[in-house]
Ligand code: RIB
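The data below hold one chain only, encoded as structure tokens and taken in the form predicted alone.
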Amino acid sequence: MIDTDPGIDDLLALLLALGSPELDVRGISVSYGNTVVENAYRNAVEITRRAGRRITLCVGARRPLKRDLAVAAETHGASGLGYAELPPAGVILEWVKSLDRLLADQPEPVTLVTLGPLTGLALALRREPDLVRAKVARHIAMVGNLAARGNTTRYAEFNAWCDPEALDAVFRAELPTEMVGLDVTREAVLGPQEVTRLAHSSSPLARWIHDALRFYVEFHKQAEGLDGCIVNDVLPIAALIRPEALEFEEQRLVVDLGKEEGEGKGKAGGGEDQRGRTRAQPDGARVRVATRVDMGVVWPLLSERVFRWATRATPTPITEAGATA
């Protein structure tokens, strides 16, 4: 199962997961984060539709546990998917399942991949802690950073910064959590030539992916002077397919909560640049932390299963999720 806030790099991660026969995607939980939850839900529907798949969707979280809602429109565009053409976002209806209900529907324990803020998982733990522990056999989170600089404040990664209380709750629950943070994802720089190649394809799907990525490349150029874009969320999915893509070591971690009152409206409001900082501490929670990535394993997966597939793709009918999801 995947909990996500699509999101341009989430788009690539979802397409990689849905296009990999090694994975059985049982459901997708949608959260705020890169965009508001209404957009994120619409984006997930559009991504799965274009992938030709029918996947059960649920809503993990609409807003942080305690913080004001903040999204990354400057990074991912107003819609969450850059310049990609999308239908209007609808209203999230109350009957849409929550993450804990989706977990309850699973006949056996699953791997849960979280690609956005950890709010949905924290809420599930609050409501049904025994259920979550019984059904989540492995939890892989794209979150946090140790030695690498933050991407929201100088210390904090965006998903951790959005809802540090949620990440703290997940750490303290001591699920079998693995942190895939900026220490490895900053090496996942997609070059502009791959993006440009999509633009010249005759496939509408390839050009649609290009329109999303073009915004992401422009953001990285302006914000970091980077020639290309960092596709953070691809790494947890790639590691499920090819475990040798990442190396992990167990550490004890805490997350700094920073201020809760009197914050400014900016991402680092009130000068609280410790908010969402993940760091090692002897009495912290046990977490397996990704310390090294082999991009030589990751790039062929992304190239063949997303980019080359998209350039060859023709419109396909929606199919049910199956053993080859």
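Note that residue numbering follows the sequence shown and begins at 1. Quick caveat, the model's predicted, so the values are computed rather than measured.
From this point on, the text means the form predicted in complex with the named molecule, which you will not see here.
Among residues of the shown chain, Glu157 is one whose heavy atoms approach the named molecule to within 4.5 Å in the model of the complex. At the 4.5 Å threshold, heavy atoms of His76 reach the named molecule in the model of the complex.
None of the heavy atoms of Thr177 is located within 4.5 Å of the named molecule in the model of the complex. Residue contact check for Asp163: none of its heavy atoms lie within 4.5 Å of the named molecule in the model of the complex. Residues placing heavy atoms within 4.5 Å of the named molecule in the model of the complex fall in a single listed stretch, namely 113-121, out of 113-121, 128-136, 189-197, 246-254. Applying a 4.5 Å heavy atom cutoff to the named molecule in the model of the complex picks out Asn232, Asp233 from 228-250, in order along the sequence.
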